[in-house]
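Presented below, as structure tokens, is a lone chain in the form predicted alone.
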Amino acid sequence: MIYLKHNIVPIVTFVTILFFFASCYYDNEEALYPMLNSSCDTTNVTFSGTIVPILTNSCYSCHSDANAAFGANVHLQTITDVQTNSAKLIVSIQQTGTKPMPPGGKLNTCSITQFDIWIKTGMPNN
């Protein structure tokens, strides 16, 4: 019985640590189920058809002309605004910079890829 009393603390500690590390597992839906994201169009990326809907859904609440005061006075309403802020924008939406955007959570991989493609193809007004 004395042997058990002296070994119970290390055993409980070991089991607790083991449980902690086993329970700290995280994957996002896109990594777990890549087939669900098969509808991502990366061949026909356009400003009006691809980028504006992303901006409308995720950015305009703080970065439209009407609301830019809430978004550090960064305007993303026109193509010129987006082109001017493109370097900061891609870093922010990839959440690799100091100011990750959108603040409510990361854009999905498809939207980030589409933004990146649009920027790398010269940010055409199409």
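This one's a predicted model, so the numbers in the text were calculated from it and none came from an experiment. Heads up: residue numbers just count along the shown sequence, starting at 1.
There is another form of the same protein, the form predicted in complex with heme C (HEC); it is not shown, and what comes next is about it.
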query	finding
59, 76 and 107 all contacting heme C (HEC) in the predicted bound form, non-hydrogen atom within 4.5 Å	yes
Interface membership of residue 92, heme C (HEC) in the predicted bound form, 4.5 Å heavy atom rule	yes
Heme C (HEC) contact at residue 101 in the predicted bound form, heavy atom, 4.5 Å	yes
Sequence-ordered residues of 63 to 83 touching heme C (HEC) in the predicted bound form, heavy atom within 4.5 Å	63, 70, 71, 72, 74, 76
